[in-house]
Structure formats: C-alpha cells, structure tokens
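Only one chain is shown below, in structure tokens, and it's the form predicted on its own.
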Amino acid sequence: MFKDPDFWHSLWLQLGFIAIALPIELIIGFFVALLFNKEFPFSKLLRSLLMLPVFVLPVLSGLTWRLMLQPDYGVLAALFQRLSIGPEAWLADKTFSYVAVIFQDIWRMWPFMFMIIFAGLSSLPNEYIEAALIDGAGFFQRVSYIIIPFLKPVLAIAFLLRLIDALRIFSEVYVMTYGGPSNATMLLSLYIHKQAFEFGNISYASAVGTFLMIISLAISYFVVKRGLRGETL
C-alpha cells in the first residue's frame, strides 16, 4: 500500500480537501452566526433559509453542481465564462475540477457549522459582552478575547463532526467527477471504492480503509484533547 503512488495521491487529495474546505466552512459559519446573533427584521426566516443546503442529499448536490458547470447549458459555467474565470469546462480540468468539488462541499456544509456555532453563541452570557463594551473593547477584541475562548469546545465539536463527514465523502464527488479527470478528484474514499468494486481488491481496499480510520482517530484525538479542554488548537 505504501509503495502505491495512487494511494499517496488520493491521500493527499483527501487531506487537502479537509485542510481547505473545513476551515473555510468554519470561518463562514462563525461570522454568519455572529451576524445572526442579533435580532433584526426577517432574521428567523433568513436563518431558516440559510439552513436549506444542509438538507440537500449529497447525490442531488453533486448532480446539481455537475449540471450547473456543464459548458453548454450550465448556469455557473455561463457566468464564469462571462467573467473569464477558469476554463470553459471546469469538470474537465484537473485543477478546477478539484476546486469545484471543494466549492460544492463548502456551499452545502457551511450552514452545518453555522447551526452549531449559533447554538453555542445563544448560550453566551450577555454580561461578558456588555462589560467589554463598557471597557471600550472593539469588535475584534470581543471576538478574540471573549467569544472564541467561550466557544472553543463548540468549535471543536463542529470541526470534529465535519471532519468525520469529510473523511467519508463519496456520493457527491462520485456523481460530479467519478474521480476524474485523470484521478484529479480521486479522494481516498473513492479510491477505496474503486479498488474494492472495480478491481476486486477487497483486502487492499480494507487495508486502505483501516489506514483512513487510523488517520481519523489521530486527528479526532488531537481535536478532542486540545479543543474540548479549551486549549489552543
């Protein structure tokens, strides 16, 4: 397994996907939760609408993005062509197909981060914020010294849950690119499926799956140990 260059290629794609998508989803979810932590007209309705992408099935999400990026009739493809962003056929390009997979995941899953962080923010005592305002603390000072330390266990849980989901991402990528072009989006979960059900290498796929589980346990241990104990991640 460790001598297989395709295995290392898929592993780096999977880790890159996690390293790029999850922090972006966490940051977007955090700041949108801060925005919606104050009541304003239609805030409850907008909050409910923001949650809709989470409830879209991964297969439907991947298929929708595939159709939207079709160069002949896709809405996003037409928009990107008008703005001269990227190639004409995103899913046929090695780099942009990977970017498209990450965009799809961010679009669908950042509301999940928002939902958990917003619930955490709702339990933040207002006395802390009011005292900081009286002392003249600015927005970023309140975020850095009060909100983030208070929310650290919540952020750790949100990241951990998304990590577990990201490690087993499969169906949306399968319908979007099928791991292509030229294995450019062959994440480790797709690689395991390919080895098991296309090549019949069940034992090899089991070994890769076990390795993926060990990686997830190691990252989870780090997040739980540092995040849930309130230490710096």
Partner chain sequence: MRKRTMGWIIFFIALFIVVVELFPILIVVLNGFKKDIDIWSRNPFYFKPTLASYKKVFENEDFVRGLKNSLIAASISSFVSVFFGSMASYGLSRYRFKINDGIIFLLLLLRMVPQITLSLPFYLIFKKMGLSDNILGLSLAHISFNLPYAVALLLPFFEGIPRDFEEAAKIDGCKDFQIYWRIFFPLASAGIVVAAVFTFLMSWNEFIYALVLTGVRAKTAPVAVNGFLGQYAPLWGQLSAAGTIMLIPVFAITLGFQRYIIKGLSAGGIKG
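Here, rigid core means the biggest group of C-alpha atoms that superpose within 1.5 Å across both forms. Computed from a predicted model, the values in this text were never measured in an experiment. Numbering follows the first chain given and starts at 1.
The next section is about a form of this same protein that is not shown, the form predicted together with its partner chain.
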Here the chain appears without its partner; judged in the model of the complex, the stretch of 70 to 78, 143 to 151, 93 to 101, 129 to 137 with heavy atoms within 4.5 Å of its partner chain is 70 to 78
Check: T185 near its partner chain in the model of the complex, any heavy atom under 4.5 Å?
Finding: no
Review point. Any of the heavy atoms of A119 lying within 4.5 Å of its partner chain in the model of the complex?
Key: yes
*Give a yes or no for M109: in the model of the complex, does one of its heavy atoms lie within 4.5 Å of a heavy atom belonging to its partner chain?*
yes
Is the gap between W12 and its partner chain in the model of the complex 4.5 Å or less for some heavy atom pair? no
When its partner chain is considered in the model of the complex, the residues of 196 to 216 having a heavy atom within 4.5 Å of it are A196, F197, I202, A205, S206, G209, T210, L212, M213, S216
*asked:* Superposing on the rigid core, I want to see if A19 changes position between this form and the one not shown - specifically a Cα shift of 2 Å or more.
replied: no
